[in-house]
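Starting off, we have a lone chain in the form predicted on its own, written out as structure tokens.
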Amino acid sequence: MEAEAQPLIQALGLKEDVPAKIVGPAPCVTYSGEHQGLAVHVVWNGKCKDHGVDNVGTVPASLSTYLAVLAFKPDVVISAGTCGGFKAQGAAIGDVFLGSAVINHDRRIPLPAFDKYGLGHAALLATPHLQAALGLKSGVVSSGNSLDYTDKCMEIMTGHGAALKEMEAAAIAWACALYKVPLMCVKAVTDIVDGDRPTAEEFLENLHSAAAALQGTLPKVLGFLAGKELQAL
């Protein structure tokens, strides 16, 4: 979402790519610059031309990732954004997590082999030294296309030890895997999934707070990455 991207763009001093690095009709918007010697690009999904709201969910995320990997040929992709967190896995509002793996909780295909395909479990880039250095929490990220969830979604999430619930990481992982680009997830918690649901006003307030937490954390993550081999993370 734009509210997630803008604090990162400002914190890193990035500029919108003009002319565009990814041309229409794809709606995603890209920003580029440098941070501690790293070439950094921020990509967000743009807005829906019919409804005037941010494009969210797995379809825009996979398209943006696919096109961004082709355009920028990155060494690492970082899915940076906000999420719901599970109190049972130690999450609290404002916490920033590193993802350990991704799953889909609403892609249920109860057929032989397709069930595992639907779950889409995939490990993320291991970053134990980064986690220790910045004192971040870590856990499984679960993706779906709805802000709410069904009882079956909850069963899948808790059954696979999900710490975070959001709407894009598993799709980003799929697109990255096509080009064998390692993926990290850096996620800030806006609400507690296994707790009282916030009102719309509370959610939007928490969204801005979580985006600010990302603004403070992501430059530190990039600083740790600078000059290191992947196995040193």
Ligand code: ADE
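Just so we're clear, the structure is a prediction, and the values are computed from it rather than from any experiment. For every residue, the number given is its place in the sequence shown, counted from 1.
The same protein also exists as the form predicted in complex with this ligand; that form is not shown, yet it is the one meant from here on.
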Notebook entry, point to check: If this ligand is transferred from its position in the predicted complex by superposing the C-alpha atoms around the site, does the shown form leave the pocket open, or is it blocked, with blocked meaning at least 3 ligand atoms within 2.4 Å of a backbone or C-beta atom?
Noted result: open
Check: Looking at the partner-bound form in the predicted complex, is Thr190 within 4.5 Å of this ligand by any heavy atom?
Finding: yes
Next item on the list: Answer for Met167 alone: is it within 4.5 Å of this ligand in the predicted complex, judged on heavy atom distances?
Entry: yes
Notebook entry, point to check: Applying a 4.5 Å heavy atom distance criterion, does Phe203 contact this ligand in the predicted complex?
Noted result: yes
Next item on the list: Evaluate Cys83 for contact with this ligand in the predicted complex, applying a 4.5 angstroms cut-off between non-hydrogen atoms, and reply yes or no.
Entry: yes
Item checked: Answer option from Ala92, Ala133, Leu147, Ala123, heavy atom within 4.5 Å of this ligand in the predicted complex -> Leu147
Check: Which among 72 to 80, 159 to 167, 133 to 141, 109 to 117 is in contact with this ligand in the predicted complex, heavy atoms within 4.5 angstroms?
Finding: 159 to 167
